[in-house]
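Take a look at this single chain in structure tokens; it is the form predicted alone.
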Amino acid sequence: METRDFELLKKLSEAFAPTGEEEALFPMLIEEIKPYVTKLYMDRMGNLIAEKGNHPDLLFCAHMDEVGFMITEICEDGSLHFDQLGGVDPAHLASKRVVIGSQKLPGVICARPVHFSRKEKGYTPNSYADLTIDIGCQSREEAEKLVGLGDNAVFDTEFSYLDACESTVKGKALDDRLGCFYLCRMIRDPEIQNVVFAFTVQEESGLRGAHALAESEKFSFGVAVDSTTASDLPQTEGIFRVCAQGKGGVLSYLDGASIYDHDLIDRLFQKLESEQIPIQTKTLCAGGNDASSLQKAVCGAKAFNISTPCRYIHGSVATARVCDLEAMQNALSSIYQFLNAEKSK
């Protein structure tokens, strides 16, 4: 990966932008794309929208927000109760590092010590009521000087290569800062014109930004660019592997929120395979993405999703293969060419 692209993805991954608080991404995205776009604006929902060319009617979108937490109570001993923003399994949160607020106050998620919980047969932290965040304070009064109710938190994870060969990256919020990264690279491409690029908000809390976008913009085709769960691990077999790293992007026929146009997806597979661009589909479908909101819009545009296979998304750190990142970028360029031809028919 070129140094410029690595640094951009690092900035995007490490930014503090939980669902509902995406503002930290605006300056870096605007700086990256402004020289290449015809029009750049923000709608009332908070989506950042960039247009290239005249009368664009193709849409590519990626969501800016990441899963996180909201502080719901400051306890007498200075610890913090919290709840989730987006789907995060509480069973995997103990001892994870977080930062709170735009000032990035450090904290550690704490649960009952494992030495004692072992004595309670089958005990694991299975609800947010079992967890608190430790910020090192000894009283409510001390904590209230640093944090307030409603403050948000995200995982504290450095973005970097995972291996010496630089074949895999790791970081938080790869769902969906990878999608934002691809859109930035598409916007820089002079061959790509007459497209609306949207960086959407609040995908993790109900696809809200995409819904507002779909009701206010009209387009022929809508492509939601996201990340999806690769469970290609030693302990999983068959359909439960879902998709695999190293095999390119994931083009879905359906998911938990949408059924996509079968003929369109078939023809996209044929085009990508004819160009020897790695592509795969899911063996087990769940969840949803912004394509659902695009599909349900009044204009009834054809919409679909393509995703990067990532391990451990919605956790404190996820991984992605660099070869899959390049395959996704190539696939998106090919999809643009295909849709540009389709809309003129």
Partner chain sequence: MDTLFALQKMQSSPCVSGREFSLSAFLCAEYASGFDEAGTDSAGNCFFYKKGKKENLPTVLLEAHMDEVGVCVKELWEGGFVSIEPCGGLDTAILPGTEFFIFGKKTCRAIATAKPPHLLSAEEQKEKLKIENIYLDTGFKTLEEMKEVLSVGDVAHYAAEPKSLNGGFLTARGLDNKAGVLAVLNAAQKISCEKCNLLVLLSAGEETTSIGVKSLCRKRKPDFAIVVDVGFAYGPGLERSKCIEMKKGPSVSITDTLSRKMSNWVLDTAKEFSLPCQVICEPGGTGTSATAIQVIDGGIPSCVISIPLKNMHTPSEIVYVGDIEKTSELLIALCEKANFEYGEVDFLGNTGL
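Since the model is a prediction, treat every value here as computed from it, not as a measurement. Numbering follows the first chain given and starts at 1.
The same protein also has a form predicted together with its partner chain, omitted here; what follows describes it.
- The closest non-hydrogen atom of Ser216 lies within 4.5 Å of its partner chain in the predicted bound form.
- A residue is said to contact a partner when one of its heavy atoms sits within 4.5 Å of a partner heavy atom; Val37 meets this definition for its partner chain in the predicted bound form.
- With a 4.5 Å cutoff on heavy atoms, Ala301 does not count as touching its partner chain in the predicted bound form; it lies far away.
- With a 4.5 Å cutoff on heavy atoms, Asn152 counts as touching its partner chain in the predicted bound form.
- Residue-level contacts in the predicted bound form: of Thr72, Ser102, Ser167, Thr236, one residue has a heavy atom within 4.5 Å of its partner chain, and it is Thr72.
- Stretch-level contact analysis of 72-80, 228-236, 241-249, 103-111 against its partner chain in the predicted bound form, using heavy atoms and a 4.5 Å limit, identifies 72-80.
- Contact here is defined as any heavy atom lying within 4.5 Å of its partner chain in the predicted bound form, and by that definition each of Phe26, Asp43 and Gln202 is a contact residue.
- With contact defined as any non-hydrogen atom lying within 4.5 angstroms of its partner chain in the predicted bound form, the stretch 172-186 contains no contacting residue.
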